[in-house]
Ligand SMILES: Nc1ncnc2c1ncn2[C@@H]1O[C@H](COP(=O)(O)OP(=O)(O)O)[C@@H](O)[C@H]1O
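Below sits a lone chain in structure tokens, taken as the form predicted alone.
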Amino acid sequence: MIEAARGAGNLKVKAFAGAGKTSTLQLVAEHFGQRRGMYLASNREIAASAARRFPPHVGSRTMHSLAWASVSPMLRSRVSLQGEPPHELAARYGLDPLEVRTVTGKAVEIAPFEIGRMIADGRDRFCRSADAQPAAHHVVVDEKIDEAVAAQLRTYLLPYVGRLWEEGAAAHAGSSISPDVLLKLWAFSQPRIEADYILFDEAQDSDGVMLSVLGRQRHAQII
């Protein structure tokens, strides 16, 4: 792998758990000498462990920590605010209980709490995607709901998902936002990761928005 990395092109490595991928990335960083490197991990614990192992000229972060450090203090402060309960979100949007049909033909009611949860979850799924705007496929409907009814429900709830996203993304909004919203806003700013090469570990745990950010770092070699 070290020989392949010397070619300066992007490199994707597949290996089983415990095969020594992180240790190999450490060897690559040591081989690259004083070139500026960035090791990106899927969680803080892995990043902290790597920081103790990698050379000092290699940063060790998560995508979320890069986003957190780059956005405004006002935006960061909104992450710690109390979130809106799902039933209150549904009430604010004027959404009443919905009666839908299951795959067995039985009629069931979707309560306002569940409706609000579906909207918030749809917003967060959009934020974790590489998509430019919310879409119907971001709204997850219980598999017990009839397929045709589920499609109608996604279409019905999509405008509310978009509304919730726009409320959170507004520059001067004071409402609570999730870390997913913060990461998406950072991704939309087309950030540049200042490094000559990027070591992206445990890529299978990443999501669409992370990969979209990584794909724009054309100035750096990505492994």
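Just so it is clear, the model here is predicted, and its values are computed rather than measured. So that there is no doubt, residue numbering starts at 1 and follows the sequence shown.
The next section is about a form of this same protein that is not shown, the form predicted together with this ligand.
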Check your understanding: Would G9 sit within 4.5 Å of this ligand in the predicted bound form, counting heavy atoms only?
Key -> no
Point to revise | Interface membership of S212, this ligand in the predicted bound form, 4.5 Å heavy atom rule | key: no
Exercise for review: Mark S206 yes when one of its heavy atoms lies within 4.5 Å of a heavy atom of this ligand in the predicted bound form, and no otherwise.
Suggested key: no
Study note, to complete from the structure: Within 12-44, the residues having any heavy atom within 4.5 Å of this ligand in the predicted bound form are F16, A17, G18, A19, G20, K21, T22, S23
